[in-house]
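Okay, so we've got a single protein chain in two different forms coming up as structure tokens, structure 1 first and structure 2 after it.
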Structure 1
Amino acid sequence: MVLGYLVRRVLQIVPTLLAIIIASFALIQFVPGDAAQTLAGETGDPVILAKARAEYGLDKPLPVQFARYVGRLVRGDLGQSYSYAQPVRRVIIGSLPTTILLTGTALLVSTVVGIVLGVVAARKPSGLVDHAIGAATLTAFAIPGFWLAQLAILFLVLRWKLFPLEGYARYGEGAPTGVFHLADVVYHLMLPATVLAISEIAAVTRIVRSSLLSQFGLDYTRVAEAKGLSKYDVLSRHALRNALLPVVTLIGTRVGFLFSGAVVIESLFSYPGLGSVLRAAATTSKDPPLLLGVVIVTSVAIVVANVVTDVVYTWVDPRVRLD
């Protein structure tokens, strides 16, 4: 039964992936002027144009082009970036680690802090602390990430000089090495990761709180209370385990939010990751292959993350297998 579920769940992603590929292919088709035109440059020399068309297979009928496109994607070939003059795959692989570091840190921070705040709020529903946390999370949801980053830069960086303004670490003359380099990386990471995590902290807090409260009054928590456990013990030993499930199931969605947030945060802190690459490709350098490459990679990552979460979920919570 479990195996059947797994197979079904994995098969379900096939149409999703296909749709993502078709959509990205369609987007390329509608790009004003084709790749060959961009490569041939302003001059538009017909000979070079025809040669570039043949080279990229743009002179073939659409279905053939699509088949080739899928074939290339399957082999992991995402095409050539115009602005970097190198394969899209290499650009993505080059900038992915910093983004994973940034979003991973934010994911971790938001999970831990969110759970703690959610538990604290749920301890005394409608109490003063609960209302304060409730108001704080609502406000956190309403603040645009870029504004929070602006304010953080204005106060924490420019006024009080607590954090470095930009970048991944210091390089060149007098830059720290070894362990100090690592410390420098962490120092540069702290502010952007925190700013990125804020709205996620709010999200996790709200999820944990409401799912904790929905456990109260259920049979197993009432039994635990009847045994004479304090409310805190019931909460931390029994209810929390079940209440954390929604935090697990939403990881795929949360990664998507963090990636989107990273585009803005990386740009503002000049943090050299996928977000900065994406922003540049969208605004200044006009690089459709790179843009689509980044979107395809992140979408596939999110789809796969969702499947992995679902599968892990059946393992963590055996009740799910029933459906």
Structure 2
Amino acid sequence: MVLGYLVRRVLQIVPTLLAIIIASFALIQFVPGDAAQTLAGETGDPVILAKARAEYGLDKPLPVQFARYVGRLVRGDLGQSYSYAQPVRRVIIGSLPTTILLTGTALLVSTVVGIVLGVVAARKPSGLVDHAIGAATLTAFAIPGFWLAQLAILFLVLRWKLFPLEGYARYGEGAPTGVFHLADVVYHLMLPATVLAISEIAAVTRIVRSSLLSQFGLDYTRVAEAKGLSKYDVLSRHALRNALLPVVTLIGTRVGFLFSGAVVIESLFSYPGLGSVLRAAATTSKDPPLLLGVVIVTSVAIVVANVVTDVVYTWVDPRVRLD
């Protein structure tokens, strides 16, 4: 049943991905700059520019360029990066692990912390702790991520020097090795991952709280309380599983927001991931193949996350079936 569902979802996402490719290809044409200039280097020689355009097919009409690109894409070829002078697939593979580490850590932290805070807030609705958590989550929603990142850099990095400013880890002479290198990676990851996770923590907390409160008064929770279980036991052992259903959906839909937020966070913290590659390709050089490659990989990641969310949903709630 799961296999049949996955096949149907793959067939459904093909038109979506095609629409994304068409829209992205069209929008990228409006990015300022000349891609041939990136290929030809600093020289402005018209002969060299014309040769570069002819070699990469940039002298062809846009429909022809698009048809050729889709043909290569079907074969798994994302094209050649103009600025990196290597296949786009290699550039993305080299940058993707650090972005997955950043977004995955932010997703894990936001899920765990959000669930814990949601349970704590729901234990005593309208109490002091509930109001404090509500105010904190509302503030987290109101603060833009890029502004929070700049505040973190200003105080935690530059003024108090609690965290490093840039990079994935220390390299070169004197760099730690072995388990100390792993600790250094975690140290560099802590601040950007936390900043990226803040708004997600707020979202998960509020969803868990409201979902738990909606379970109170239902027959199964009243029966559990009648058996003598404490409110905490009713929350954690009975109501929480049902309350997690909307959280599972939320996590799947927020993967795309985390990837888009990673672009800003990686830029501010000089974190070497896919976001930094995307920013460089869009601002410092005209590199359509790389831009399109990043957009396609991100879109596929979001679609896969939604499919995984649907499958996990059936595990959390056995009443749901993949038809």
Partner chain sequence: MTDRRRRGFAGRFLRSPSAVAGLVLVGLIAALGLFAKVIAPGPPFAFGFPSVGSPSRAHLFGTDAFARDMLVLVTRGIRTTLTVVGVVMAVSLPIGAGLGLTAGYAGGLLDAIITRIAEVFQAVPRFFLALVVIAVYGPGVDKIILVLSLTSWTFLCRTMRAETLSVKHRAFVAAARAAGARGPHIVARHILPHVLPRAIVVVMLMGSRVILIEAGLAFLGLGDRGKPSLGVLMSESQAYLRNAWWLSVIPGVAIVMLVLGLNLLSDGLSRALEIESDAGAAPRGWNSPGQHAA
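Bear in mind that the values here come from a model prediction, so they are computed numbers and not experimental data. Just so we're on the same page, rigid core means the largest C-alpha set that superposes within 1.5 Å between forms. Numbering for residues begins at 1 and runs along the sequence of structure 1.
- Message: Which number belongs to the form predicted on its own, 1 or 2?
- Response: Answer 2, the form predicted on its own.
- Query: Honestly, after the rigid core fit, is residue 65 moving at least 2 Å at Cα between the two structures?
  - Reply: Yes; that C-alpha moves by at least 2 Å between the two structures.
- Do you see a C-alpha shift of 2 Å or more at residue 306 between the two structures, with the core held fixed? No, shifts by less than 2 Å.
- Message: Core superposed first, then measure: what is the displacement of the CA of residue 20 between the two structures, in Å?
- Response: Displacement of the C-alpha, rigid core superposed: 2.7 Å.
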